[in-house]
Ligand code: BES
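For reference, the chain that follows is the form predicted alone, supplied as structure tokens.
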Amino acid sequence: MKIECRVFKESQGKSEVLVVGCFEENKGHLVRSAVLDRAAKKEIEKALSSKKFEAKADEGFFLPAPFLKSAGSVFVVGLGKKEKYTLERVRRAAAKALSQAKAMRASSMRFDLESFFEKFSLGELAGAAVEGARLAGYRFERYKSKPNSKQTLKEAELVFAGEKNLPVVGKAVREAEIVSEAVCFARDLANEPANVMTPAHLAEAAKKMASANGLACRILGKEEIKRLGMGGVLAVSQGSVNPPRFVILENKVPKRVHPKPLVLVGKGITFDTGGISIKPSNDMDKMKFDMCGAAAVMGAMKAIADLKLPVKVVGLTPLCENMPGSTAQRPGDIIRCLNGKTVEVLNTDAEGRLILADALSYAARYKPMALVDIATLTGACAVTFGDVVSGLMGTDASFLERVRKAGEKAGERFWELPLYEEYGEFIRGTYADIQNISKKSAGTITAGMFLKEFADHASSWAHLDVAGTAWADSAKPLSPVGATGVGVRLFVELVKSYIE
């Protein structure tokens, strides 16, 4: 599907579907639309007054419009109350409109940006609309002999008034296309089956992406990982025939706005059986998604490079497969991580924090201005927040607020959990410095406390637990079943926040 932005002129001809946004408290809001004629506006007003359509958020109303010169039909999308209006509602409206147009087997769709104009600029609205359409239209059908999706929609137009707005809207559309492509790249990596997406394959995918997008890429193999002393990565991977990899991605920034880099760390367990502490068989197939953190970092690095953002960013992704082979680590084993701290492995299914421990320690060599890790780390986080919100923890209140705001702007919500000192006692080791699971409870928080032991070199550090949001068991407005690509858009917004 081709997406274009255009200044609306009646001479452009008819589109099969015209998409219009409408607030609950309309109050003449549609008057500013140049695309709708008087008859169309009257029909929408009639529907609102009769309560056939109340314009609540995500509500849709279909209006055949043979009287309208610019479109064969109108699809009105509810935006809810103005006071609660967000860019996420625009994304969802675009997603809903795309679904409607596909259901009609339309070949063209026109999105009336003017009707969405409230609180946000036309550029912001255009970017959100493109993201909504692109992310909702994503499908992973590589292994289907007969793909289900039949793409009839060939073109989508974003129309607005005023030639002077064209450069701003055009730039926003281009940036949204880049970010959406990066999210879809991350989804593709995570949706691949584990027999294909091994640590070596994932590392090669990162290398290929880096080459195509102007990123520096270095891949460490098992021997170099061993020489560095990454005991966590080695221990987790030792039960698998697939050796580990450690991927380092860096963008090239001729003129930095900050002397120090932002370092992103992503958990990359390409398949997690739980090891000797094996998981139940039910839903174990979903454990191919245990590398969604690494996929998010790789996707974000792709977008950051393509957008040419003037902030130095480093992406670190430790990649392993956690298997219960004859050489696998055992409950009770003691390992030494890269920063010298020792860990009692009481549960081999708490493996993500072990590889992140080495990656966070490795980040110290960059002397980062800020450090963020993202991981499908704890089932406890999914129990707490479900698939609606991700967990957020860290050491610097102002940085955590920056991360939270970046997520809010991107449409990815995070909620902070405390890292009080008392929780540290829950993971104090009997025979080593610390242990990899809690002695009591608070599974998500104590996992954060564990990681804190290896991020103490950074003045600003945040931990993102996306165990409940990294993949969807049922279709969502912006993604089908499977990997969601959560984290990619947040990271892009986070980097932008340092420029602004």
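Just so you know, these numbers come straight off a predicted model, no measurement behind them. A residue's number is simply how far along the shown sequence it sits, counting from 1.
One more form of this protein should be noted, the form predicted together with the ligand, which is absent from this view; the next part is about it.
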Should Leu377 be counted as a contact of the ligand in the predicted bound form, where contact means heavy atoms within 4.5 Å? yes
At 4.5 Å between heavy atoms, is Lys279 in contact with the ligand in the predicted bound form? yes
Under a 4.5 Å heavy atom criterion, is Glu88 part of the interface with the ligand in the predicted bound form? no
Does at least one non-hydrogen atom of Ala467 fall within 4.5 angstroms of the ligand in the predicted bound form? yes
Sort through 369-377, 391-399, 131-139, 415-423 and report the only stretch with a non-hydrogen atom within 4.5 Å of the ligand in the predicted bound form. 369-377
Joint contact, Asp349, Arg353 and Ile437 to the ligand in the predicted bound form, by non-hydrogen atom at 4.5 Å: yes
Here the chain is shown alone; which of Ala200, Leu338, Cys217, Met287 has a heavy atom within 4.5 Å of the ligand in the predicted bound form? Met287
Is any part of 235-254 within 4.5 angstroms of the ligand in the predicted bound form by a non-hydrogen atom, and which residues would that be? none
